[in-house]
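First, one chain by itself in structure tokens, the form predicted alone.
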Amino acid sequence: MDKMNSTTTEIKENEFLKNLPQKQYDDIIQSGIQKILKPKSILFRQGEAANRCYLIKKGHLKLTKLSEQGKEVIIRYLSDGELTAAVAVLNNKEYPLTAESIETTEVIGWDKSTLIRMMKNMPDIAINALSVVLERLDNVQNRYMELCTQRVEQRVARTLLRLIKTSGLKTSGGICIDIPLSRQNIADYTGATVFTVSRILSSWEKLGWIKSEREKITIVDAHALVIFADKIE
């Protein structure tokens, strides 16, 4: 199977499009507007009118939000087959976040009228979309609890484990997080300082749990990180 067909299979098996007959799947893909984003391109900005939701066909998006103080906070990383902005589009809201491509990224977008038509004609789409929304809500609640109850070391461990689930690439040296990931990115994502994140990663590298290079992290011992993340003080 070549890379393009492999990506198509991953999209078809994602939460939004799962369990659909081939004809319905084809109709959905053909009814969308496809875009190819260069690295570090903005797909949509926080505050703009939400006129389309998007499914990532190939690549990665970084979702960020500006605080009232103007600080950029990383909310989530999205990879192949993930959907974004559906709730904002259906509710005629503004985009609550900014979506930026991390690398060359292909997306498919649908406006509100197309999305509603698909949901009416294919009820499984509505059910799948609800599942996606509930999963995201659960993710937000879990991250809030982490910020409130866990030490920063545990939050960093859970962040790396979360990223290898969505963007992990198995290599001979371990599981590589297949997106550019700086210490500043991890700090923004976990509510920590760059100094603290650097100290944590350096200590884990000495223990043999990870390998860290410039904007690249490979998890060598995921089991050790899981145990550490779940450790009760």
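Throughout, rigid core stands for the largest set of C-alpha atoms superposing within 1.5 Å between the two forms. One-based numbering along the sequence shown. What you are looking at is a predicted structure, and each value in this text was computed from that prediction instead of being measured.
Beyond the structure shown, there is the form predicted together with another copy of the chain, which is absent from this document and is the topic of what follows.
> Should residue 66 be classed as touching another copy of the chain in the predicted complex when contacts are defined as heavy atoms within 4.5 Å?
So residue 66 counts as contacting another copy of the chain.
> My question is simply whether residue 138 lines the interface with another copy of the chain in the predicted complex - judged by any non-hydrogen atom within 4.5 Å.
Judged by the heavy-atom cut-off of 4.5 Å, residue 138 is in contact with another copy of the chain in the predicted complex.
> With a 4.5 Å heavy atom cut-off, would you call residue 39 a contact of another copy of the chain in the predicted complex?
Residue-level check for residue 39: no, no contact with another copy of the chain.
> Using heavy atoms and a 4.5 Å limit, would one call residue 150 a contact residue for another copy of the chain in the predicted complex?
Contact with another copy of the chain, yes.
> Could you work out which of 99, 107, 89, 157 is the residue within 4.5 angstroms of another copy of the chain in the predicted complex, going by heavy atoms?
Of 99, 107, 89, 157, the residue with a heavy atom within 4.5 Å of another copy of the chain in the predicted complex is 89.
> Of the residues 180, 191, 173, 47, which one places a heavy atom within 4.5 Å of another copy of the chain in the predicted complex?
It is 191 that has a heavy atom within 4.5 Å of the partner.
> Can you work out whether another copy of the chain is within 4.5 angstroms of a heavy atom in all three of 123, 127 and 144 in the predicted complex?
Yes, the whole candidate spot contacts another copy of the chain.
> Looking at heavy atoms inside 4.5 Å, which stretch does another copy of the chain contact in the predicted complex, given the options 183-191, 163-171, 31-39, 197-205?
Answer to the contact question: 183-191.
> Need the contact residues for 70-86: heavy atom within 4.5 Å of another copy of the chain in the predicted complex, sequence order, or none if there are none.
Counting only heavy atoms within 4.5 Å of another copy of the chain in the predicted complex, the contacting residues of 70-86 are 71, 73, 74, 75, 86.
> So, does residue 218 move by 2 Å or more at the CA between the shown form and the other one, with the core held fixed?
Shift of 2 Å or more: no.
> Spell out whether the Cα of residue 123 moves at least 2 Å between the shown form and the other one when the two forms are superposed on their rigid core.
Yes.
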